[in-house]
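Okay, so here's just one chain, in structure tokens, the form predicted on its own.
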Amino acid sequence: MENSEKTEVVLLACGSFNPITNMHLRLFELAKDYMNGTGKYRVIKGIISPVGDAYKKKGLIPAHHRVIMAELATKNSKWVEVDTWESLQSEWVETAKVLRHHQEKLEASNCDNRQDSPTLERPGRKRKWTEQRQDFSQKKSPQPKMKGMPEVKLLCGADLLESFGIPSLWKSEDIAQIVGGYGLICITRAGNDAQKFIYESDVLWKHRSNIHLVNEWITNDISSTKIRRALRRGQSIRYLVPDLVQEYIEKHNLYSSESEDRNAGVILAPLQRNTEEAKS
């Protein structure tokens, strides 16, 4: 199949990235290989979107540090870049809205291109922290994807897929929009119950054709939680995170017992919002 006949895909990974690890970067490579290997898709870009401080997750350090570390981690990537829009919002933004923001951004770029304006940013090009503060600040109603446009799909690990089952963490309509309207690329491991979880969820089963499960055969248990634990204990994290990220963490002394207590006892933003909306 010629490239012109393939659907172009932009991979979007949302999360804390607290801190970003080598495993986060591997997710993009695994997803790209899989999607390109189907013969139906061509991955043109990857986007890392760190969550804002308003998410209120325990141990979440300020967003500007997490964004800078992600930018350092992708400094040498030719196709994965960091987007700051989500991290700059004063309130927590639902993942479905982040997907919509990036789809609309692609469509706006396409319209500009038709008027001889610049199209998609070059892969690997980084945008500064403050440049995106006003990007797409106006709320817009959902619009169907334009024909021939690149499609934004959510890239995640199996833990995010399973989190769909946690009461009040996700709104059912958001799950339907994420999976049905955009699509999910989930990196899973041999023996993982992702297929079983899809089978047991009516909404996921309904949109199962839009969920791509990618087996991670070279398993890796690196996690941000384990990185922070090692740092609190004064242990080395070399080869677990990119060297530039390690240097930045050490320079700013980012993770400690005190930082891990940040937001302790605070209800996670989605749980608080969704619980309040359910009562009203």
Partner chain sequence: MKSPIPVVLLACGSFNPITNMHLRMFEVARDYLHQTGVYQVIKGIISPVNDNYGKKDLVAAHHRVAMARLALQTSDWIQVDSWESEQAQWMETVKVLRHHRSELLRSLPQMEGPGDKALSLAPAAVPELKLLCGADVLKTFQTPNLWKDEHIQEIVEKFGLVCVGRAGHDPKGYILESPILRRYQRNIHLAREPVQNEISATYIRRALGQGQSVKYLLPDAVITYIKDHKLYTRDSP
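Here the structure is a predicted model, which means the values were calculated and not measured. Residue numbers count along the first chain shown, from 1.
What follows is about the form predicted together with its partner chain, which we do not show.
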item: Non-hydrogen atom contact N253 with its partner chain in the predicted bound form at 4.5 angstroms; value: no
item: Partner proximity in the predicted bound form: N22 to its partner chain, non-hydrogen atom cutoff 4.5 Å; value: yes
item: I61: touches its partner chain in the predicted bound form, heavy atom cutoff 4.5 angstroms; value: no
item: Exercise: T38 in contact with its partner chain in the predicted bound form, heavy atom 4.5 Å; value: no
item: Which of 71-79, 202-210, 97-105, 173-181 sits within 4.5 Å of its partner chain in the predicted bound form, heavy atom basis; value: 71-79
item: Any residue of 232-251 that, in the predicted bound form, places a heavy atom within 4.5 Å of its partner chain; value: R233, G234, Q235, S236, I237, R238, Y239, L240, D243
